[in-house]
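So this first bit is one chain, no partners, the form predicted alone, shown in structure tokens.
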């Protein structure tokens, strides 16, 4: 059995563990404007990132966007997942393909599509001005709202498919029994469907939250230069500032915050599931 796991384990070590270990070592070096990176063993990059109000604000923005997108994706994805899971017609396979279809398009292409819709001369503003509803273009692009819309559109298929896989395992007879006992639709959902679907809620929320925390292309294209999240900030330090030690420290701070919040959220929802 160990021999079967060994190739995959070696691949993970080479492609994930080794680069992460190298990045951790780089984060402890010092940055020099002349030498770019000076070998050292110091935590000053982490202290600078933690104490700098700018990066505190960037991290807070990232957390707010990730949490908001996760909640919004869950609220939009649950009804669609329930409908998909309970579908019994021959069109179910086609519906599943349609849910998967957006994943075939890259994030940059999808963000460009949203730019065409939300720009000052985009389709939405053109329709509003053409109908006489607004006298000028609305600022729909290059703000937090555009970023949230773009990220939710990216992560929604993951939430729907994760929830649908769990809801399919819930016996339909449980809902019918609750309805026969006088339960209203919302009561059946709250007392029967939602508790049994909590594993899917946990898995989907964790997956979506991680994707949102590490979003790059969508915040850059839809948020504009003034809207900053952690992933673009890490990129700026590596590519534009050539400050690899500080960029590596930012990357590990993002990783640590994501892991801690993921574990805490999963634990709390898991306890809720066991109690239910």
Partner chain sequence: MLLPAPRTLLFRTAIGAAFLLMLAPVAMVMVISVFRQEIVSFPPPGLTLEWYVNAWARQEFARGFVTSLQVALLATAIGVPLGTAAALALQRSAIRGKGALNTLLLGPLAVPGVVAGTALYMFYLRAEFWLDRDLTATLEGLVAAHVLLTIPWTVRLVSASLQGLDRAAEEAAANLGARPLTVFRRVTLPMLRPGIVAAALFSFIQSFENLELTLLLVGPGRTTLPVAMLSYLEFRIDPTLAAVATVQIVLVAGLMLITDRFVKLSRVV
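Positions refer to the first chain, counted from 1. Keep in mind that this is a model prediction, so the values were computed, not measured.
This next part talks about the form predicted in complex with its partner chain, which is not shown.
Trainee: State yes only if every one of 11, 19 and 95 has a non-hydrogen atom within 4.5 Å of its partner chain in the predicted complex; otherwise state no.
Mentor: Yes, the whole candidate spot contacts its partner chain.
Trainee: Mark residue 268 yes when one of its heavy atoms lies within 4.5 Å of a heavy atom of its partner chain in the predicted complex, and no otherwise.
Mentor: No, residue 268 sits far enough from its partner chain in the predicted complex that none of its heavy atoms falls within 4.5 Å.
Trainee: Wondering, does residue 260 line up within 4.5 Å of its partner chain in the predicted complex on heavy atoms?
Mentor: Outside the cut-off, so no.
Trainee: Would you please decide whether residue 264 lies within 4.5 angstroms of its partner chain in the predicted complex, comparing each non-hydrogen atom pair?
Mentor: Output for residue 264 is no: heavy atoms all beyond 4.5 Å of its partner chain.
Trainee: May I ask you to state whether residue 235 is within 4.5 Å of its partner chain in the predicted complex, using heavy atom distances?
Mentor: Judged by the heavy-atom cut-off of 4.5 Å, residue 235 is in contact with its partner chain in the predicted complex.
Trainee: Using the arrangement in the predicted complex, list in sequence order the residues of 70 to 105 with any heavy atom within 4.5 angstroms of its partner chain.
Mentor: Read in sequence order, the residues that approach its partner chain (within 4.5 Å, in the predicted complex) are 75, 76, 79, 80, 82, 83, 86, 88, 92, 93, 95, 96, 97, 98, 99, 100, 101, 102, 103, 104, 105.
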